[in-house]
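Just one chain follows, in the form predicted alone, and it is written as structure tokens.
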């Protein structure tokens, strides 16, 4: 790990904390624990990098990990996967889906197993079943894939990225855009992103009529991708656009652009990172913006689970489980991508993560008697392009 990255990590805690951790912290070290992790996918950069990051923590934290893959649509399958992890002896489980939580928590309570979330805002549970989930003794909270709650600003970030592109390309600015999202039942915040983006664009167009950017009104019949590749009819329904603002994963859009021969004429501003996107990013291809959550965000649920398993908690631990936003790597240029390519997300090397095993140990209540919940939450805002410099 480079010195600059270590400085970023250590800014979350006092220098004194490291000395305490080096002396052993509390007790004789952490209890042996097994943590189950349910991913969106069995493969891909994000999954591979997360596993590599966790593998680098196993010895220091005295933990082993077991992995499974969850469904984005099948609640019964996810409950079954959690049951399998419990049967395999997991003491804690990190899940990426907010589905069937009543049944999942009932299973975990009976088995004395704790649950926490990763890359999921648990918005459905938060709005519709807060007491049943966030007040449940076996649910410890979640970190979202980007922003959530009152911190939602990604729609504004997409607007800023679009304007930044035009300012850099005054000879050929983008003048006409369309949008797409995943279904609102699974990603309700993407509807907020659409509203934020279009409101800012309306304001911009009013103030800059000579630079106005036309946008096709968001249409739930044509602009919602049902967790599968964009249909080729999208392009005829949005004829003449210079760019697509994909509030959902660009992996559902770009292959369809290639198949339709649109990858040379339409720019793509997207959430997420698909394998190999760096080869067609910026000056090399269609992608002009990607917004990616760092795999290191998994330290939030992991630390909470390990604290619970070790019978300790932070002095400022909230009485109820919380959900938190995490900062994103907002990649808007070749230079940004060059920085991102050095992070564990693409290198799959633990030494390229923003936190080392010692850093993570120092964020736990059992490893550092001065560690706080506030320190843990603070790290979630330190995963930006600037933090990779």
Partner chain sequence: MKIVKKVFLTLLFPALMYLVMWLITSSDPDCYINGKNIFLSTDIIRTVLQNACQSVCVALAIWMQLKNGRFDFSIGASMILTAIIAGHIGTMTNSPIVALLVAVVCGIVLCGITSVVYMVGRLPIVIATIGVTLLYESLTYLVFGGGGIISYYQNSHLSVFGHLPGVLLPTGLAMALFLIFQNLTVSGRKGKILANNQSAGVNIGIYEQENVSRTYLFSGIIVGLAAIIYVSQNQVMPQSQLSTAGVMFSYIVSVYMGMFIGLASNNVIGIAIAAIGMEILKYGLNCMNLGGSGWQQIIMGVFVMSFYALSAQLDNIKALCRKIFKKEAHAKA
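Numbering follows the first chain given and starts at 1. Here the structure is a predicted model, which is why all the values come from computation and not from measurement.
One more form of this protein should be noted, the form predicted together with its partner chain, which is absent from this view; the next part is about it.
A heavy atom within 4.5 Å of its partner chain in the model of the complex is found for one listed residue only; from 255, 188, 173, 318, this is 255. Only one of 260, 201, 309, 148 lies close to its partner chain in the model of the complex, with a heavy atom inside 4.5 Å, and it is 260. Using a 4.5 angstroms limit between non-hydrogen atoms, residue 206 is distant from its partner chain in the model of the complex.
Within 4.5 Å of any heavy atom of its partner chain in the model of the complex lies no heavy atom of residue 128. Put simply, residue 277 is close to its partner chain in the model of the complex: some heavy atom of it is within 4.5 Å. Though the partner is left out of this view, residue 231 does reach within 4.5 Å of its partner chain in the model of the complex, counting heavy atoms only. In summary, the region of this chain contacting its partner chain in the model of the complex, judged by heavy atoms within 4.5 Å and restricted to 320-328, 333-341, 348-356, 39-47, corresponds to 39-47.
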